[in-house]
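Subsequent text provides structure tokens for two forms of one protein chain, presented individually as structure 1 and structure 2.
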Structure 1
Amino acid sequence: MTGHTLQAANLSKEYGHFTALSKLNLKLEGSKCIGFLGPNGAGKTTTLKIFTDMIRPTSGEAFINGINVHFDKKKALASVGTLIETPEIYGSLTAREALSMIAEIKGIPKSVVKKSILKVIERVKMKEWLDKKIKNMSKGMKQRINIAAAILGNPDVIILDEPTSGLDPRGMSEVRSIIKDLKRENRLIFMSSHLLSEVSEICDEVAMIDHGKLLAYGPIGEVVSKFSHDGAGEVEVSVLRPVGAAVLKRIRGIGGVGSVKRVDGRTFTVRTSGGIKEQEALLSRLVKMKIGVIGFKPSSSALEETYLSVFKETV
């Protein structure tokens, strides 16, 4: 566990009579990725903008690593990478210049700026565009540069607002891969998204918000389990070799397993009673069965069911 934290304390934001956030309390801590879910107008972007000092709360406070963003923005954001909405970059600058500007603002030492820029530009697969002007780039390319700017300098905390917005399927996949890599590199990532499959694939935890209020927060498995009708959770298991009916039958026999459904030859979903501990036990049993488990994650369809269940009242 590391000390990276993001904390919203009684955070409220009102626009005239419209309440965008209502006493939001949320503390995110450690090295993980938290998906921030909610329908349009729920308050996701408002929350992220308060954390990045783009807007001010009506009341309450936002802390990054224990530092109040609005009292000491420079210190609070010193090791934070942000991508809010789809920023535009000065069109006459090249990608290298735009990233150099951010590097200088962030205080990345001159001796490593060139190397850092090269590293992030390679990561977003835009190396051949490094010295091209931003105005000649497509929306997707610009978004890759935005992502490069957000991860420039290896920030400890990364705040992303729909990072795959505007990207083609390949770009989306690459960005997801980047975020997964960052997660492994000891970062705290807070990411809003409308893509449940994306959240399910990348994130460890999920926070659900609507009408400015936090409705659920916790590990995906737990949240899914909590909001399912029968208290069950669902995981998607990927294996190296195709599994036969006999193996699926054996899995059905494991304690706590409700049902097993084949998705394709090498993937199946398992519905379990209970929460994250039961899922951990299931994983342990599956590994012992030596069926070549290579993937074990909350099922995106289960997250979707949960989402629809939580937000059923929302238009």
Structure 2
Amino acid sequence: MTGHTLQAANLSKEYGHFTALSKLNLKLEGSKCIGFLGPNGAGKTTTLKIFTDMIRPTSGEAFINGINVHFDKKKALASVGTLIETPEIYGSLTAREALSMIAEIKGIPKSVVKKSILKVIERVKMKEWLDKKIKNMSKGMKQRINIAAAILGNPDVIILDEPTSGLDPRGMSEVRSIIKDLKRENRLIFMSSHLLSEVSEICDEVAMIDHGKLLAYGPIGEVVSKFSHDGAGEVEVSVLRPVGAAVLKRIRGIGGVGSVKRVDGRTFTVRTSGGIKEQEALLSRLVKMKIGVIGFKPSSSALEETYLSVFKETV
């Protein structure tokens, strides 16, 4: 466990008679990726903007690594990388020039700027475009440059607002791959998204809000089980080699397993009668079966069912 934290303490934000946030309390800590879910107008972007001091709360406080963002913004944001909405980069600048400008704003020492830019540009696989003008890049390329800008300076905390929004399938896949790499490096990543399959693929935990209020927060499997009508959870399992009907039958016979459904030759879903602990036990049993388990994650369809159930009740 690291000391990386994001905390909203009784955060409220009002715009005239409209309440965007209502006494939101949420504490995120450690090295992980948390998906921020909710319908349009739920308060997600408002929350992220308050964390970066782009807007001020009507009441309450926001802390990053224990530092009040409003009262000591420079110190609080020193170890933070952000990508809020979709910022436009000056089209007449090259990627190198744009990142140099960001480095200066961030206060990165001039002696390491060149090396830092090369590191992040390689990270987002845009090295061959380093000296090309932004206006000649596709939307996906521009988003990769935006992510490079966010991670410039090697931040411990990364805040992303719908990072794959508006991208084509290839662009979305490229950005997701970058985020997956980042989450392996001892960072706290907080990202909003409307794509539940994306959250299931990338994130460890989810926080759900609506009308500015927190409805649920925790590991994806735990949240799915909590809001499931039968208390069940569903995981997607990927294996190295195709499994036959006999293997699936053995899995159905494991205690706590409700159903097993084949997705394709090397992927299947398993519905369990319990939460995280039961899923942990299931993974242990599957590994012992030596069927070549290479992937084990909450099912995106299970998260979708949970999402629809939670927000149907809040309409």
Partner chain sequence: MAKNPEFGNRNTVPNSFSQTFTMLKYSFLEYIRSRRFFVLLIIAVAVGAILTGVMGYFRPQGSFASPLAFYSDWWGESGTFMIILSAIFFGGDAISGEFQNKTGYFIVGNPIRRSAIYVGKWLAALTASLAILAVFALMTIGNGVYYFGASGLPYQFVESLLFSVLYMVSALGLTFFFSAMFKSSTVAILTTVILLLFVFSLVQTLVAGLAHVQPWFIITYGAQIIGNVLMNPYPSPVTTRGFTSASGGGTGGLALTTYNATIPQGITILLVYFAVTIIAGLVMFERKEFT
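Just so we're on the same page, rigid core means the largest C-alpha set that superposes within 1.5 Å between forms. One-based numbering along structure 1's sequence throughout. Just so you know, these numbers come straight off a predicted model, no measurement behind them.
Q: Pick the form predicted together with the partner chain out of these two and give me its number.
A: Of the two, structure 1 is the form predicted together with the partner chain.
Q: Comparing between structure 1 and structure 2 on the rigid core, is the C-alpha shift at P87 2 Å or larger?
A: No, P87 moves less than 2 Å.
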